[in-house]
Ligand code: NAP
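Quick heads-up: it's one chain on its own, the form predicted alone, in structure tokens.
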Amino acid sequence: MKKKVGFVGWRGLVGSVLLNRMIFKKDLSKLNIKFFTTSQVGHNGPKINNTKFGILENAYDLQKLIEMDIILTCQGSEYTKKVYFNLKKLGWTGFWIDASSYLRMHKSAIIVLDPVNYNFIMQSIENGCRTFVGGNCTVSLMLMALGGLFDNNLIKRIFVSTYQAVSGAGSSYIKKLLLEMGVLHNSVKDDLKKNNISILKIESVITSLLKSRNSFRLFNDTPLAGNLIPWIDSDNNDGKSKEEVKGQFETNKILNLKTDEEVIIDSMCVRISTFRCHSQSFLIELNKIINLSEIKSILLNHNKWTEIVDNDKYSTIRYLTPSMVSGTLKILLGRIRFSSFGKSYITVFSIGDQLLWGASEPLRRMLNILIKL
């Protein structure tokens, strides 16, 4: 019998990517799925491949939700706060799969990334776990990229600089970035047509516009077009952002490491003006010295999505870019070399689509694990 699955938040950015992946992988045929909404109760549900999925149910109706074997939500932390524990109080014993961060560090929840922690997921299900949460996007992408080194206990500590796309902040930011880019272009488009115009004059116009308080500004009055923002998420009150403390806590929870086994991870998280895909630059201290060919082999053999780009100028600028990864499940690794710090340190640069492996794909795969039980 097909399991009853309630899907909440399927119209948002992550939810839309997830639904498209489920359609592409023909997952919907395995489910008795019902679509819920927080704002369009009673409207017609989606029509997918000529199949109608009925009317949209109220996502706050606990009596409707309690009928589900599995609830899959991409609606966000506020929704989870309002619904999850109330549903549990009613005695619901189904499976909860969540894209939001609210339950990640809760003791009853498992952060899921099955190419990395499949055995831990299955062990947790056997032990009665019913709550499964997607990890922070950069953490999941890091573990997909460096999973082989973690599996072989080769990592002592990591410093990572992240370069995170605007879509990581939501679909509205993509639109706003495009508007910013349009305003900047329009301010100098006539000058760009002149052969004898000074590029310094153009730069001066752009810089002046970026420093002014114009209506196209976003990110707390800081423009992103032609700029970057070295702070993501709220202040952790210790000189770090919330985004920067997630790396160590979530990584060690996903890997189910004991306190004396934990890997030290520090980070600097930066928002940049790419549309999709997060990039990360790692400085890794190894537990032992091994040659680069062995390191590359270990990285490649961890999962089938990891690919290595040769560390030369042409290969790097041609292939190791967000535009080459966007919309794919590839995890590209490049710039692999020993650091000037010594042979126990290596550098790695990775890129992955944060809307796929960083958000939706672990949830889709978790759903497929549960429907096979």
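Each residue number is its position in the shown sequence, starting from 1. As the structure is a computational prediction, the values presented were derived from the model and not from experiment.
Another form exists, predicted in complex with the ligand; not displayed. Remarks below refer to it.
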Legend entry - in the predicted complex, the one of 241, 267, 303, 100 near the ligand [non-hydrogen atom within 4.5 angstroms]: 100
Inset, instruction - Identify, from the list 273, 281, 187, 171, the residue with a heavy atom within 4.5 Å of the ligand in the predicted complex. - result: 171
Inset, instruction - Answer for residue 11 alone: is it within 4.5 Å of the ligand in the predicted complex, judged on heavy atom distances? - result: yes
Inset, instruction - Look up in the predicted complex whether residue 354 has a non-hydrogen atom within 4.5 angstroms of the ligand, and give yes or no. - result: yes
Inset, instruction - Using a 4.5 Å heavy atom cut-off, state whether residue 167 contacts the ligand in the predicted complex. - result: yes
Legend entry - Partner contact for residue 108 in the predicted complex: the ligand, 4.5 angstroms, heavy atom: no
Inset, instruction - Specify the contacting stretch among 258-266, 178-186, 68-76, 285-293, defined as having any heavy atom within 4.5 Å of the ligand in the predicted complex. - result: 68-76
Legend entry - in the predicted complex, residues of 37-61 near the ligand [heavy atom within 4.5 Å]: 37, 38, 39
